[in-house]
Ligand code: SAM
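Shown here is one chain on its own, the form predicted on its own, set out as structure tokens.
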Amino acid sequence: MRFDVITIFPGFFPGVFQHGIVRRAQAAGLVTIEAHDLRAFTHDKHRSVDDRPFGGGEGMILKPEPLAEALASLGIGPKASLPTLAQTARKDAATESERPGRPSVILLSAQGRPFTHALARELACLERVVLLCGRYEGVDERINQLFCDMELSIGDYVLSGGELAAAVVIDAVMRLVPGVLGNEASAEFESFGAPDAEIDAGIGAENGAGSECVPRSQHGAGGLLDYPHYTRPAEFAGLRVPEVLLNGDHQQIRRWRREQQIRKTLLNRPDLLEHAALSVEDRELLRNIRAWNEVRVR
């Protein structure tokens, strides 16, 4: 998979991507990341990439010409047809990327649709993604209309620019590319991962995680947060690892972990429970946890 990043700070990225899984993925040829200096596509002596907004207001706006030239240098021209106002309200990842040979172009901005693990999984199926890093007060909207397939935000807050957001998107997506992780099951059995029913029976089968017990000692997240993890020593600072994790009973471990997932999600991200893949047993656990919380509050 290839990522192209258009930015006014190309020097931001080398250090970020020279460590850990990202470095290994690049060394193995599974992922290619290249940052392109937007100022290289300017033609004035000051290498200006921004200008004042029409209509007045604070700050500066990234100009359309350098961005269009940068995209052209990557072989990307305007989309075949301009979207209507209704279409621009919500663009799907595959809208224009389905056209043969055309990468998916993503504008990173605070006004974009939320970046989620589910969307990361969709993007991981693409061969090439181009990320436009917004700066200042934003990007001339005509670039969004003419070239971008999606406007994306990594959270409900404002950053100084899209570079940090680009790093987050690349890291989250590339680790889902087949072969990047040492154990591909790691990308399934974690926070926001797939529910058990969607986990491929072949993943981790050699470790006993077949379809009839997926997974034997873990549990597909089903869109929930991950359960707590423990390692040696069994006792630390007066706190012991929960006994259920030491008894070797995988059924009890599985149930405990699922209960902890639901408990942690209810505490930290209750909004996720509205759309999570919950079984009948999960819903019973959730009812019991809520009832216990109500008794504790009283």
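For every residue, the number given is its place in the sequence shown, counted from 1. The structure presented is a predicted model; accordingly, all values stated were derived computationally and were not measured.
Omitted from view is the form predicted together with this ligand, to which the following refers.
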Exercise. Okay, which stretch from 72-80, 106-114, 141-149, 173-181 lines this ligand in the model of the complex, with non-hydrogen atoms inside 4.5 Å?
Worked result: 106-114
Exercise. If you check in the model of the complex, is residue 228 within 4.5 Å of this ligand, heavy atoms only?
Worked result: no
Exercise. Any chance residue 125 has a heavy atom within 4.5 Å of this ligand in the model of the complex?
Worked result: no
Problem set entry | residue 158, heavy atom within 4.5 angstroms of this ligand in the model of the complex | yes
Exercise. Contact between residue 224 and this ligand in the model of the complex at 4.5 Å, heavy atoms?
Worked result: no
Problem set entry | Listed residue that, although this ligand is not shown, lies within 4.5 Å of it in the model of the complex (heavy atoms), from 167, 154, 130, 120 | 154
